[in-house]
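Listed next as structure tokens is one chain, alone, in the form predicted alone.
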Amino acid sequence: MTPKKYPLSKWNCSLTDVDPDALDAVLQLQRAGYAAYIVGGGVRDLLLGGHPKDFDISTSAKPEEIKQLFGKRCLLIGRRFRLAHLRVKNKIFEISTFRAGDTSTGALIVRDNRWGSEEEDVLRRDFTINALYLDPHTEEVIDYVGGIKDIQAKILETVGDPIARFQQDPVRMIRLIKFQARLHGFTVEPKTAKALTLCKDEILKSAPARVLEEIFKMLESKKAAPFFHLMNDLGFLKLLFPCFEHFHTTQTKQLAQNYLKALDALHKENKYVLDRSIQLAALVFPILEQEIAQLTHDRGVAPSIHEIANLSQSLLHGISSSSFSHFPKRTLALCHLALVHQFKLTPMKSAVKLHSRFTTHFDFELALDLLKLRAHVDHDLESILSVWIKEFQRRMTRVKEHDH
């Protein structure tokens, strides 16, 4: 199997666009006599003109050999898929050993630690655009499966038979939807699109934790709104998160999308990623708000803060227990606090009271992040958001003065 090789300069990018510590790790492996490359999404995004933050490495070195080479900086993890995490400063690079395996069978992969050659390894990768190697020594992109052609044509296609590949690892279907949402203008190759529909129910054979991790990655990706739109249209939201699916298909669909668009906007504005409890709250708050509105309409009076707390708790329990992936207890607990605090920040029955003690609560900043999110949806909240931000800043100034 002879690959095509393309000079990196052809793509108007160079090794200066690659993390120098990732380059150094690859070159260390090569100097030690192993084959080693930058692989996957980092190469794809580099060729698409982006600025990748993550660079994965693939090598002929076995996990124990990687550990021996890098010493204490290296931690071996995983049983199903054994790999190495290399710590450099405040960064972690994932280093995987070339794998082999039968890519034609649809048997679910439960263990994946059979070592192979770089040719065998590339055939196991999910999509052609993710199956490219970058060799920093020769400054070439190595393509065994037509990934360069698909990048140029903006096509999403599996490596090998799509039905077999989705049956082997159903999370690949979520990843395909993720790439549709993230990569503007890319279309799914017809056989791959058909397989996505045929294999949809296979997603329930996945590890729930892996599915949830992909969902949270997309909630912080700045592309949450198009991702959830596709998840809903393709029927995956109904299978995995039926409570959210109901809210995304009724007359509240636009409101649900507005909160996800606000989440994307906030992540674009911020220099930090919102806590996962607030990412979850972006999905839950509009549902809670509708429940409270209905309760107020039925009774003719707004519920008390105690009743809102009970409603929030019940709603989160129902969402988590009915979902394919159960949310971590910490995430649920912090989400609940942030939801309930909204009705202290913006009370339903009375004027806003600036409680300096409230701003000292450990979870106040989380509540403030959720209020920022709400203000993106409802611009009438911007003035009260400004008031709370100033109050918080005053408190922080007093804390600093006290510390000095």
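Residues carry their position along the shown sequence, with the first being 1. A quick note: this is a predicted structure, and the numbers were derived from the prediction, not measured.
This protein has a second form, the form predicted in complex with a small molecule, left out of what is shown; the following refers to that one.
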| item | value |
| --- | --- |
| K4, E119 and H137 each touching the small molecule in the predicted bound form (heavy atom, 4.5 Å) | no |
| The small molecule in the predicted bound form: contacting segment from 333-341, 374-382, 30-38, 53-61, heavy atom within 4.5 Å | 53-61 |
| Of K191, K217, R114, K222, the one that lies within 4.5 Å of the small molecule in the predicted bound form (heavy atoms) | K217 |
| Heavy atom within 4.5 Å of the small molecule in the predicted bound form - the one residue of H267, H229, R82, K178 that qualifies | K178 |
| Heavy atom of R124 within 4.5 Å of the small molecule in the predicted bound form | yes |
| Contact of D169 with the small molecule in the predicted bound form (heavy atom, 4.5 Å) | yes |
| The small molecule contact at R182 in the predicted bound form, heavy atom, 4.5 Å | yes |
| In the predicted bound form, K261 touching the small molecule (heavy atom, 4.5 Å) | no |
